[in-house]
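Single chain ahead, written as C-alpha cells, the form predicted on its own.
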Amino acid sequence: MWKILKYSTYDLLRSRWAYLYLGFFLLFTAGFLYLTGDVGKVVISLMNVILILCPLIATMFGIMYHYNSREFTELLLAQPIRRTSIFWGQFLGLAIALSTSLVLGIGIPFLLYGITHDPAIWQFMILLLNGVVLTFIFSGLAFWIGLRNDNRIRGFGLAILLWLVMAVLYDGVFLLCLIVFREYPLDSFSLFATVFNPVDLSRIMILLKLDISALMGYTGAVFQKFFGNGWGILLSTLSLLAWIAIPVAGIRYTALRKDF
C-alpha cells in the first residue's frame, strides 16, 4: 500500500492541476494579507473559500482520478496485491497530494507574514486543519462513488450532487426548518443537524475559535455552550474523524465485493 500511496502522491503532485490549486491559494492568501494586514479578517475570508472550494476540488479530483486510473488499477488487480491496499493507497495518495497543495498555498504567505509570532496562530491552525480534514472526507466520498459506479456520467453526477447537497442545499433546508419551526425549542435539533454535515461542523469550529459566535445570535450561544467545552470539542473531532472513516470503510467493503 505504501508503494502505491507514494506513486499516487508523486503522480498527482506533478499534475498541472495541483500547481494551479496551489497557485490559486498562494495568490489569494498573499493578496488578502497584503490588502488587509489583519490575520483575523484573512482567516474569515479564507474560511468562506475553503468551505466551498476544498470539498468541490476534492470531489472532482477524486472522481476524475478514479476513472482516469482505471487501466492502471486493473493492471494492479492482476498482481498478487490485496485489493484494499490498492484502493486505500490511491485514496490516501490523492488526499495527501491535495492537502499538500492546500497547506503550501495557504501556509507560505502566512509564514512570510510572520504568523509564528502572531497571537492568531491558533485560528490559522484550525482553519488549515479543517481544510485538510474536508479534503480527506470529500476525496474519500468521491472515490467511493466512483468505485461503486462504472458509468462515468452517473458517477460524476452523483459526486457533484453530493457536493451540492453538503455545501449548498443542506444549509438552505436547515435554515428553512429553523424558520418554519421557530416557535419550538430547536437547540438539540440544531446541534444534531450540524454534526451530520462536515462542512457546517467545520464552519462552526472556525467561528467559535474566532470568538465571533455572538454575531450568530441565540444559535451562536447554543453552539458556544456545547462546542466550546471539552466534551463538545471531543464530539466535533470524533464526528469529523467518523466522516473520514465512513468512505474508508465503504471503499474496503466495495473493493472486496466488486467484480472487476
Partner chain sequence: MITCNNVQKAFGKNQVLQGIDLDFRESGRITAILGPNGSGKTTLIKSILGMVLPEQGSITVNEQPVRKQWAYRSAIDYLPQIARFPENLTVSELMSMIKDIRPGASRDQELINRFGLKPFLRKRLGNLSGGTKQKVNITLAMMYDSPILIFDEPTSGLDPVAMQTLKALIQEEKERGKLILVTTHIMQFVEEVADEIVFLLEGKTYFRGPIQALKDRVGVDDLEAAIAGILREHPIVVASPDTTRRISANPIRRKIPGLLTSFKKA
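Numbering follows the first chain given and starts at 1. Just so it is clear, the model here is predicted, and its values are computed rather than measured.
A second form of this protein, the form predicted in complex with the partner chain, is not displayed here; the remarks below concern that form.
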With a cut-off of 4.5 Å between heavy atoms, is residue 76 one of the residues that contacts the partner chain in the predicted complex? yes
Is it the case that residue 239, even though its partner is missing from this view, gets within 4.5 Å of the partner chain in the predicted complex, heavy atoms only? no
How about residue 150: is it within 4.5 Å of the partner chain in the predicted complex, going by heavy atoms? yes
Residue 80, heavy atom within 4.5 angstroms of the partner chain in the predicted complex: yes
Thinking of the partner chain in the predicted complex, which stretch from 82-90, 118-126, 134-142, 105-113 has heavy atoms inside 4.5 Å of it? 82-90
Of 10-27, which residues get within 4.5 Å of the partner chain in the predicted complex if you count heavy atoms? 10, 11, 14, 15
